[in-house]
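Only one chain comes next, encoded as structure tokens, the form predicted on its own.
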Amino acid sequence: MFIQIEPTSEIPIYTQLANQLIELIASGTIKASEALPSVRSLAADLGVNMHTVNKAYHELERKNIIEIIPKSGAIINSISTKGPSDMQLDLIKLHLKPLIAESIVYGMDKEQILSLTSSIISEITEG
């Protein structure tokens, strides 16, 4: 599992970790039912505090992407074939809307935004 933390980024380390784990799951690099490394192990590998990894794991659990089983570890939940729930869709919209508005402010038109979105999807799913 390749995860790269950027210590000088404005994005908190736990968010970088959670986002990269989500991308690894979305790309199929990490599959449903697989166990994530232990908090201690991943923290040591990345050179970050165990609380940072723990916070990332709990963020993923809150989003129902992983399940944390006490004293056993964290397991990847299956990817839904039914699409997102209404609550998940609302959350996605909440995060996407400001980015799309920012893209418009930077001068991107609808076609450019759709093209960029399509290329990001391809980058994640096709490697």
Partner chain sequence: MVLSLFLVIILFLIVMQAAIPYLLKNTIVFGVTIPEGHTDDKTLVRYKKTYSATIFFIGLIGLLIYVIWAIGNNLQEDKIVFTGLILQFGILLISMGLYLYFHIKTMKRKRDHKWGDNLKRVRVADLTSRSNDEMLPSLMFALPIPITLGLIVYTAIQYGAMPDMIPTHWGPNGQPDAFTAKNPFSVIALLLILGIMQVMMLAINYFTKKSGVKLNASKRSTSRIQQLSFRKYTSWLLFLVSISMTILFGFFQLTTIHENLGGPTFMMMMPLGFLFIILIATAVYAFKVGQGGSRVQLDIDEEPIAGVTDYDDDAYWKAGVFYVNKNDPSILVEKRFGVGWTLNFGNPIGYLIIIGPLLVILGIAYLLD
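Fair warning: this is a prediction, and the values are worked out from it, not measured in the lab. Positions refer to the first chain, counted from 1.
Unshown form predicted together with the partner chain; subsequent notes refer to it.
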### Query
Pick from 59-67, 34-42, 94-102, 77-85: which stretch has a heavy atom within 4.5 Å of the partner chain in the predicted bound form?
34-42
### Query
Going by a heavy atom distance of 4.5 Å, is residue 21 a contact of the partner chain in the predicted bound form?
yes
### Message
I'd like to know whether residue 120 contacts the partner chain in the predicted bound form, with contact meaning heavy atoms within 4.5 angstroms.
### Response
no
### Task
Answer with yes or no whether residue 124 is in contact with the partner chain in the predicted bound form, where contact means some heavy atom within 4.5 Å.
no
### Message
Taking any heavy atom pair closer than or equal to 4.5 Å as contact, tell me whether residue 49 reaches the partner chain in the predicted bound form.
### Response
yes
### Query
Judged by heavy atom distances of 4.5 Å or less, which residues of 3-31 approach the partner chain in the predicted bound form?
3, 4, 5, 6, 7, 8, 21, 24, 30
